[in-house]
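Subsequent text provides structure tokens for two forms of one protein chain, presented individually as structure 1 and structure 2.
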Structure 1
């Protein structure tokens, strides 16, 4: 069951459109449009974006090497390899009522779940989504967390039915917090800086869990945070609850990240940390990877104009935030040099991020003879008129960028598996291994997903790849945070 409070403003979805808007003068100039002059641009793009097997092997090797360097010492590589302090994963035996709070952008979600142990598992789950007022995103720390705690308190008041808190217990919540944090324990972490449009004063340098606990106290809410996690770690925990073979989790949405289960003995920089089970989850922050990526002139220009030049290069080649923008930049070059859309270049086409990744995904789903949906999307998003030949070329550009992104993401996954295999001396590839995937890009862009899976199969070969299961774990981070609250509960299950 789910209800929604203050529904967020409409955002572009990765789902394909179910209806097509009429186009204005779409084909009026079709006879003057030419694709011949744009063809060399496409040919060069396909060459520069090529991901043959040797290049993918190099990416996987470099990913594994950078993981090792990041585990050896802080700052040892582009990969931060952050300790999550999650040493105990869900087993299915968890019982009781647990909450989760997921704060990762302009909306946050509150969730509760009743766990019934091995026999009943998840008895029931409810959640609400709340949008954060714009003024609170640049207000004070107390204002923001008071608003969040107030929404959480209202949600708790609706508790009933199958949701039962045992006598003598305080409520416990998992806190999924998808901003840069220096974690200091399973239930504490220092905010490094706000991102994603937030500029809340008084929070950087403070323990984010203490800020929330204090706000809940001011609301008279008897609840404590028992686990602070990011969305990737929560996704792994949520998937692991249902399948003991889950060892890796990857988010491929607007942004991207990956985490995996690591042996404490394989973390040289870890000193003094004791793990009951000898394992912990490492948050790779793999978006910062950069070693050996096939970058085009369009990638380099986009990076140079970004708010973080030279950083997050892997994320900029594989994640949903950027794929549409790379395509747009290629189309601008084709329009300027090859007159792909006639002599006039609309201002909308020249506007950064006017073409989103949901747009390019939708265009690739068009199987009609005249590619009508492609023409509609191009006109609505960028203002260009197009004939059939131009639309075909646009689809080729979309496919080239999606193919490179999916295959590079697949190589990164193999790099993680490779590192785990080397440390386990042959144990990992000899048995079933599940990689839990989440995020709108992976879920709603079928070509991207196929390219990713094909790259993994090519790199591992038929025998080894038969043991690796890449599984969609939809919305696993919410339930995962509640499960981690359960595994780290101060009470016996």
Structure 2
């Protein structure tokens, strides 16, 4: 699972993101020449990004319909609706030493946990995190997997203390691999395509576990991959270990995705797959959703120039990898057409991805009178000098993009709940239902999080939404993958 955002450097007093009208009128009153020319660009952006309730309802309905079409037949919709082969979730009875690997974003994590069954639960956990060098993200498959296996081998060497492997057993690991994978069993799966800026050659079409096994072999590491899982699935398992009402998991970090517990009878494309429990987890891969999204010219240009044009459009509209970049593109337009930052347009401002989502979140936390933090973040990230009016305008742009993202993400969650409710005839709504949520975007962007929650409440109404608990399950995917390794262990536990 990926965590692209760092906590904003200084979070000063909080300003309500819902106070749009006073802020806009303040902006209009104090508009100088430079911002006056940029104002129509802002107005158009706000118009194009608007997410009124009927639009959100349409998104939720389309999400539910696309889920259904993707469950009917492979390729039936933008949503792949991938079978996870996770039919039973952790119960709390799991015992023993288990590892987890987590690859999905800019960081790679290794973790080990000693589980003590119902009474002792998690006896101890240790983890290490390494950032993935940029060149490995576009290198060869062997280079990437050798890097992973070597970090894992080093970590295993430090095992000791409360971590005990019974004699005669191989170590087992869960492998959280947060990209679209066509699972062929609980411990194998073919990479469909890379997302989130990865473009490693030689991996798409290959079995990910085989790639890892070969690399572990090269490191002389004896470790069995017992479960290959998506980060959403691992998050669901990790959260479910503590709370039986968890039915959905969502990641909002560098990328985005959601999974949920589905009844086997509701999956026509299953044909023959048996689940002892009648339920299984479906990885929706909702990042590929596109039906009805309010896209602007900036989104379209960013998509056209991306390494995966036409793909992952929902992800490109709501997730951490892209929000800062959309804002940057708007600012370039305001600088070029509206001279927002004076005559000179620094090269840095014109550099793709110069402005990150952590930057735009930090700027939105600045409530000082002169928006000093906004000025310095803008200067450091993009090289522009800004006056107060320009800074106010920039904050409006950030808010517009965060608001659209948060509200669309909220509508997606309601779409999933709607689909579950339609099939379960009244047993989903009206009882406690937990959505486990993880990812740096949700964690570190308070306005985004509030927009998301408001959209869920608006769509469901006060009564139904009071039963829906969106619970932050921080780093639940690491422990979740280890728990799924335990649930799928070849040994008795």
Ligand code: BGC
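Positions refer to the first chain, counted from 1. The term rigid core refers to the most C-alpha atoms you can superpose between the two forms while keeping them within 1.5 Å. Here the structure is a predicted model, which is why all the values come from computation and not from measurement.
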{"query": "Panel number for the form predicted alone", "finding": "1"}
{"query": "Hinge rotation between the two structures - smaller rigid part turning relative to the larger, in degrees", "finding": "14"}
{"query": "Rigid-core-fitted C-alpha displacement of residue 198 between the two structures (angstrom)", "finding": "6.4"}
